[in-house]
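Only one chain is included here, represented as structure tokens and corresponding to the form predicted on its own.
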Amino acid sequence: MGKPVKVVVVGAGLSGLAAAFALKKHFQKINKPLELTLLERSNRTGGSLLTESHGGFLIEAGPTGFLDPDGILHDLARDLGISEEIVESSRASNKRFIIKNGRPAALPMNPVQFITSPILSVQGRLRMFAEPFLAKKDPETVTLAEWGRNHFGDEAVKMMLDPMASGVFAGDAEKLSFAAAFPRIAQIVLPHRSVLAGMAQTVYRRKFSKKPRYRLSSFIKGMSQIPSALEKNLGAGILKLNTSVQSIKQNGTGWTLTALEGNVPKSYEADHLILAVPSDAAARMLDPLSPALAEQLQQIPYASVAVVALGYRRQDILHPLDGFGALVPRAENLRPLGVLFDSSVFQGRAPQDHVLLRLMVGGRQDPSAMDLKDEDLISLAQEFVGKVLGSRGNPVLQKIYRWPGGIAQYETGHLERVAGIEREAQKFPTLHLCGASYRGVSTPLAARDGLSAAADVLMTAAAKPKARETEARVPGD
């Protein structure tokens, strides 16, 4: 069968798992030998996809679900044989709230609701309706806030776009690149002077599109099902947990990695190396090998966030929880970024006659929140629930998850930074970088990036780049 192709993947989050899965599947299909190794520093796979069960509550420590307009995760689930495990969100979860004067106000879902919505003042609503006449064509370098002010005015930015930036990225609308952070929307509206013109064209195209339309989805047992299925598919011997890379050496056109598996030194040889880790971790690994590449990787900032899960008896929460959740504008002077009504979004998230809420604290604009003690975070979350949703009893479940440096920030210049990283990485044809740091933070896009890295390996497997001898050691390990 010939000499096996050796591939080492570092990082067993969704991107790394998807890359390993795609490689194994391809080599089995063509009946050629593959020596595949997946190294993961922690004691589990999945990265931010972590689902836990406590007292009948099914808690997501990370993403609630996934929007999959291109069918990436649906295709992956089909290949893994778990399509039947996919569940769609409730129709009620289409309803979203913004906190206004300390209370949830429903986001308008149609023009009539918009006219009567209390979220914006009369002047703010008139400014939005004037968008086709006042807006100017945006440059691709515009921030989310700049884009919003151009089209809808300052009030709409403060009350709608700023909390959206916090809810999706835990980020700052004044810093996030519109084109990088919201590429699908940007592709629709940037070519036009008016957002309404771009949206009208999109609605017309969708009318004749045959692509399936997917709702917000998850899995019966939560988001952990997709990494669990990928891990199971890999089989024995490929995945190495509790294994931290200590140094990387480029040996000819291939690679030698030294790592600690627990406390035991190990060495791994690879023809191709996939780094499916956050960009700052990749920078530490590659700094001695390529300071220029490491410097660009380090320029991508991150936001830290804490997730506080609270379970209540249904009778103890006064709000009907008839929606997805509520986001918090900074003008409200409330510390949480928002609250998700998890038990209203998907069935089976709470025991009968109970509800599950999750609050996000921290983010780019409140990094000191990560220094709060657990009891202070819980107290903060309970106080928020009492004030905003109305509670008349203590929670029956309290759980905290901390994600230091958990969300990459696609701030101004991100597209140029990623392009520079890709150019510098081309000097190492058998090195492949992937993950949520670069081309999308959503779960489907993280999977797509891993699948693309696997495709890059297959495309370059027959190439014979000029050999180099360089070594990189990971600082601090």
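Residue numbers run from 1 along the displayed sequence. All values derive from a computational prediction rather than experimental measurement.
Not on display, but discussed next: the form predicted together with a small molecule.
Student: Applying a 4.5 Å heavy atom distance criterion, does Gly56 contact the small molecule in the predicted bound form?
Tutor: Flag for Gly56 set to no.
Student: Examine Asn150 and determine whether its closest non-hydrogen atom to the small molecule in the predicted bound form is within 4.5 angstroms.
Tutor: No.
Student: Give a yes/no on whether Thr51 approaches the small molecule to within 4.5 Å in the predicted bound form, heavy atoms considered.
Tutor: No, no contact at 4.5 Å.
Student: Residue-level contact is defined here as any heavy atom of the residue lying within 4.5 Å of the small molecule in the predicted bound form; does Arg41 satisfy this criterion?
Tutor: Flag for Arg41 set to yes.
Student: Which of 374-382, 278-286, 228-236, 88-96 has heavy atoms within 4.5 Å of the small molecule in the predicted bound form?
Tutor: Answer to the contact question: 278-286.
Student: Find the only residue in Gln299, Ser244, Gln365, Thr256 having a heavy atom within 4.5 Å of the small molecule in the predicted bound form.
Tutor: Looking at Gln299, Ser244, Gln365, Thr256 one by one, just Ser244 meets the 4.5 Å heavy-atom criterion.
Student: Work out which of Leu433, Leu451, Ala436, Ile421 lies within 4.5 Å of the small molecule in the predicted bound form, going by heavy atoms.
Tutor: Answer to the contact question: Ala436.
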